[in-house]
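Consider the single chain below, provided in structure tokens and representing the form predicted on its own.
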């Protein structure tokens, strides 16, 4: 019970539990610092800013399954809906051994910002299970997915909250989620998830969409700072659907990919890595480890040396909090394009800014995936499917227009692209909140 006198204003920092407190620096703490930085630019809408600092709904579920050996195992699952003022929640589901509530809350909030930044009619949501999926058989993984879907089924739906693939989840996981939800509803509901197989209402271009978005936004940013892509050296952390596709598109545009890091290690070649051959190697072997190419030897570097590689464009496309105060000063790139969610801490952001390095933030740089997820959702509702050329053309147009608006806001307020993106997105979210009012 509070000891404050009746009618005394509450001090929100004391009222917040530890994982909601901005002093608790984890993914959620980083997000709260980002909101604090943008608040002075929100004008009259700042009276609603607490809306951004508190998730609308957070569900923690127990996910019990029977293992192949007959024993029982329990896993902790989450689904967080950060904000739904502009539309149903939208965001991925990740299966990873380090998933925490703080992380899922932050990822859901960044989805709110991301969707608003590119003006999609969605709010932000995210989900996850704390599990190492590599330790499970296919049957165990299916049972885990179906049980999790049943547990969160009370808050998801085509007009409520639409999951999608994320770290360690894919089209098959989405197919199981869609089927489980549909069986419980008694009717096929293809629009309950996106990132599905084409045979179940998935969209052409979805798998490559996030990497294509990284390339598209990076190309636009490069033009603004006078960086010639054909002369650029690129370093990529993470070589899956995001980093791998982005690397392929940059290489096709004439850039030289000199370094790649993933969970298997770090490889480097000053004259350029053979990206198509590396993609084939990763598909066959699971990581960049052991890669060799015909044009000469590939150097293996210590992982910590990746950040000091001589490059023009650095693309962190793995997990959160990779660029920190401990390594930001080593970075030599002219531009950082955030393919991952939350890869740069606020302290590192400041260091990069002082060094004159342009940071293209995740909430616009990796918005290609959710944009094509929106296309898939629309196609499922209409049962009319577009060509891949149509999808890619629409994707590029939306991202270019969004980036142009954000660049203009950054110039007007003399702020970073991250702050500018938050100004645009948070203003849209809070305007919707204000117009809708409070019920009841």
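No experiment lies behind these values; they were computed from the predicted model shown. Positions refer to the first chain, counted from 1.
Just so you know, the form predicted together with a small molecule exists too; it's not on screen, but the next bit is about it.
J.: Non-hydrogen atoms within 4.5 angstroms of the small molecule in the predicted bound form: do 27, 323 and 345 all have one?
T.: Looking in the predicted bound form, the three residues 27, 323 and 345 all stay beyond 4.5 Å of the small molecule (heavy atoms).
J.: The chain here is shown without the small molecule. Which stretch in 150 to 158, 261 to 269, 68 to 76, 117 to 125 comes within 4.5 angstroms of it in the predicted bound form, by heavy atom distance?
T.: Only one stretch qualifies here: 261 to 269.
J.: To verify the annotation, which of these, 246, 317, 364, 177, has a non-hydrogen atom within 4.5 Å of the small molecule in the predicted bound form?
T.: Contact residue from the list: 317.
J.: Exactly one of 331, 298, 167, 204 has a non-hydrogen atom within 4.5 Å of the small molecule in the predicted bound form; which residue is it?
T.: After the contact test, the surviving option is 167.
J.: Can you work out whether residue 341 and the small molecule are in contact in the predicted bound form, taking contact to mean some heavy atom pair no more than 4.5 Å apart?
T.: Close contact exists here: in the predicted bound form, residue 341 approaches the small molecule to within 4.5 Å, heavy atoms only.
J.: Give a yes or no for residue 104: in the predicted bound form, does one of its heavy atoms lie within 4.5 Å of a heavy atom belonging to the small molecule?
T.: Output for residue 104 is no: heavy atoms all beyond 4.5 Å of the small molecule.
J.: Residue-level contact is defined here as any heavy atom of the residue lying within 4.5 Å of the small molecule in the predicted bound form; does residue 237 satisfy this criterion?
T.: Residue 237 belongs to the contact set for the small molecule.
J.: Though only this chain appears here, would residue 293 touch the small molecule in the predicted bound form if you measure heavy atom gaps against 4.5 Å?
T.: Taking the distances in the predicted bound form, the answer for residue 293 is no, it never comes within 4.5 Å of the small molecule.
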